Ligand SMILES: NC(=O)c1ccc[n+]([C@@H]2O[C@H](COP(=O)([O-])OP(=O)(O)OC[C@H]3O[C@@H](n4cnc5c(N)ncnc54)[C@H](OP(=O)(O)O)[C@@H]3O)[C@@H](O)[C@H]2O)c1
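As structure tokens, one chain now follows by itself in the form predicted on its own.
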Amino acid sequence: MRALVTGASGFIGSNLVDRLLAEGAAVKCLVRRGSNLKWLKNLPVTLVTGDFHDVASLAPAVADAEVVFHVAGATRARNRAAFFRGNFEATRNLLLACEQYGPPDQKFVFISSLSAAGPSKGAPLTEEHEPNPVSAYGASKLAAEKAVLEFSQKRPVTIIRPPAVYGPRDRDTFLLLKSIHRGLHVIPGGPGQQVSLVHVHDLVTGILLAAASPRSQGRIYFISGEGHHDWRTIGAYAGRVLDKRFRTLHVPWWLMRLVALGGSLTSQFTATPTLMSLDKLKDMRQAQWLCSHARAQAEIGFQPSLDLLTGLAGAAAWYKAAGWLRPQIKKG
């Protein structure tokens, strides 16, 4: 396989690159000027610099790729327009580049998000549910999905919607484990939110199964782990794998809103958008983010291999080996 991966310097993209190389693929990585390439150093990949807002600059990247894995996207942005620029407009322009410069049988695999479908109410979402995003991020991902589905009239495409992804190299997983390692589990609002999760290794497996399957043409797939979890359970599992006792702190929504408001205001005056914002809070306040991978199991043979406890244990081991989680020095 000759593959192009966008977002290859990030968490999901770099794990996908590793798997593609392990399976013998020739890999090109589309990167921006100034990208942090630490996960790609010394790998046998071809780096191509391009700009999603300059279609012609994308030509060398897409020119001979059999499969384009579009992982890149904006998960943080100053405002709604910036989310649409980073997700919808970037995806539309990459599709234009594929049409103009890519081979006619090239397959396009778009990594979207459960946020594009919106929160669940009761039963886990399936791909048949009408999308109802509640944030600008989710709306921008849904707009990108629609562009990809329109493109399916010309070229083979598949859309992957993961829920929250965890595993080695993920900063959010690290912050959770780091906090519990220090003896504190912070839960925004109440403890009752239920979420689907997927380990990055299982997500990569689902992505590659979808890329290889002829049944995936024009299809959308939720790729998730088994079951659903609340934040108390997630914290308890993290405490077990770290062998740490911890206190749980519930942060009330009014305080979370103040933090989000501060983050949104700060983002207007800084080069990098903050992690917490009013738009992010819209997603965080939902009671359920659940989805079912039944279609992916039936059509492309996807089956998650890692339960949450095993997945967190592996992630914790990776963070320790990488020096992200350091042993605490006891004062005496």
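Because the structure is predicted, anything quoted here is derived from the model rather than measured. One rule holds for the numbers: they count along the sequence shown, beginning at 1.
The same protein also has a form predicted in complex with the named molecule, omitted here; what follows describes it.
Exercise. In the predicted complex, does each residue in the set 10, 35 and 73 place a non-hydrogen atom within 4.5 angstroms of the named molecule?
Worked result: Every listed residue reaches the named molecule in the predicted complex, so yes.
For this session: Could you confirm whether residue 241 comes within 4.5 Å of the named molecule in the predicted complex, counting heavy atoms only?
Result: Judged by the heavy-atom cut-off of 4.5 Å, residue 241 is well away from the named molecule in the predicted complex.
Exercise. Quick one: does residue 120 come within 4.5 Å of the named molecule in the predicted complex, counting heavy atoms only?
Worked result: No.
Problem set entry | Exercise: residue 102 in contact with the named molecule in the predicted complex, heavy atom 4.5 Å | Residue 102: no, not in contact with the named molecule in the predicted complex.
Exercise. If you check in the predicted complex, is residue 211 within 4.5 Å of the named molecule, heavy atoms only?
Worked result: Contact with the named molecule, no.
For this session: Spot the stretch among 251-259, 144-152, 225-233, 110-118 with residues whose non-hydrogen atoms come within 4.5 Å of the named molecule in the predicted complex.
Result: Every other range fails; the passing one is 110-118.
For this session: Work out which of 206, 138, 163, 168 lies within 4.5 Å of the named molecule in the predicted complex, going by heavy atoms.
Result: Contact check passes for 163.
Problem set entry | Stretch 205-240 - residues with a heavy atom within 4.5 Å of the named molecule in the predicted complex | Residues within 4.5 Å: none in this stretch.
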